[in-house]
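Listed next as structure tokens is one chain, alone, in the form predicted alone.
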């Protein structure tokens, strides 16, 4: 759909957002406490932030909520009645970064494969993604190593590029093309010089990353062929504080537990975020724990993220290079550090 690129003046973006808000809930980056940026439902187009480093928390919570009701359980005269919960509310996630758009594509593939997850898919299929290309790399990002940015070729419905006075909008799906067409005169066809400028900005952004910081291919070979010494996993695990922060800010993590909550005389069964780094995550009812040692949990986490087995299943590594794990890890067992240790066979702490 490269020939369908369109341009909108920045002074008309508020009108476009207002039109989107009339037909859907619009989620966008907004100014938060302490100078932070967070994704939230907006009540006014003026709330949307365009110039920002990526938020600490990814927007995945609007597709995979931290507490996600799945089924209502009620007693009736004949026994137990189950009512599935489906959230098909239309949403637009606006100005999410390329890495986060790729992460939502990753989560969709995972939940649609094997035994499809109807609760997740009902919500995700009613979400439209409008991503904002990164003309300036995030300080800790390494999306170029994961084919997840700074610009996208696929995985978003519309990709925006900031050209200064205007935004270039490239539809990536029929849904995105329809969204731009419905905006009427707010958009015009992109000029050749604007499309050239967009390519120049992409090349400049790629160069600005400098040397790549995370070499997945080499680590994948070593993990998949069992060439990572057990003592290395043990050494790295000593630096993990088991806080779970890496899981909760990771846009591609989906480990969960299931809880029942009492509500108005019935019960609601919910999926809740969990962490594979917690000791009790794999604790069985018998009392047996197949991954009681922290080293085994670290090993499992990175096998899931970078092994060939999961690459073949998911079509990509389980990382989009957003850099959030680098920001929150208290013990430096973040993705670039561990991948480097696996690749080199040594841990530097």
Partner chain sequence: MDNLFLPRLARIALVRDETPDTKTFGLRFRDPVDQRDFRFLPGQFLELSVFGFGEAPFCFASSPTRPELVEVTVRRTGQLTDALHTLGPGDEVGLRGPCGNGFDLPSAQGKDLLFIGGGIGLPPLRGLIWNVLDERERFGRVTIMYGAKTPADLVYKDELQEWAARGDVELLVTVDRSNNGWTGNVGMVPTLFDKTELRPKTTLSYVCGPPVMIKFVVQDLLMRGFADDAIISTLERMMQCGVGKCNHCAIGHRYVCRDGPVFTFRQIKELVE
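Positions refer to the first chain, counted from 1. Everything numeric here is computed off the predicted structure, so don't read it as measured data.
Another form, the form predicted together with its partner chain, is not on view; read the next lines as being about it.
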| property | result |
| --- | --- |
| Interface membership of residue 52, its partner chain in the predicted bound form, 4.5 Å heavy atom rule | no |
| Its partner chain contact at residue 316 in the predicted bound form, heavy atom, 4.5 Å | no |
| Residue 82 within 4.5 Å of its partner chain in the predicted bound form, heavy atoms | yes |
| In the predicted bound form, residue 118 touching its partner chain (heavy atom, 4.5 Å) | yes |
| Heavy atom distance at most 4.5 Å to its partner chain in the predicted bound form, all of 70, 260 and 307 | yes |
| Heavy atom within 4.5 Å of its partner chain in the predicted bound form - the one residue of 197, 111, 222, 166 that qualifies | 111 |
| Proximity to its partner chain in the predicted bound form (heavy atom, within 4.5 Å), stretch among 145-153, 200-208, 186-194, 103-111 | 103-111 |
| In the predicted bound form, residues of 230-258 near its partner chain [heavy atom within 4.5 Å] | 254, 255, 256, 257, 258 |
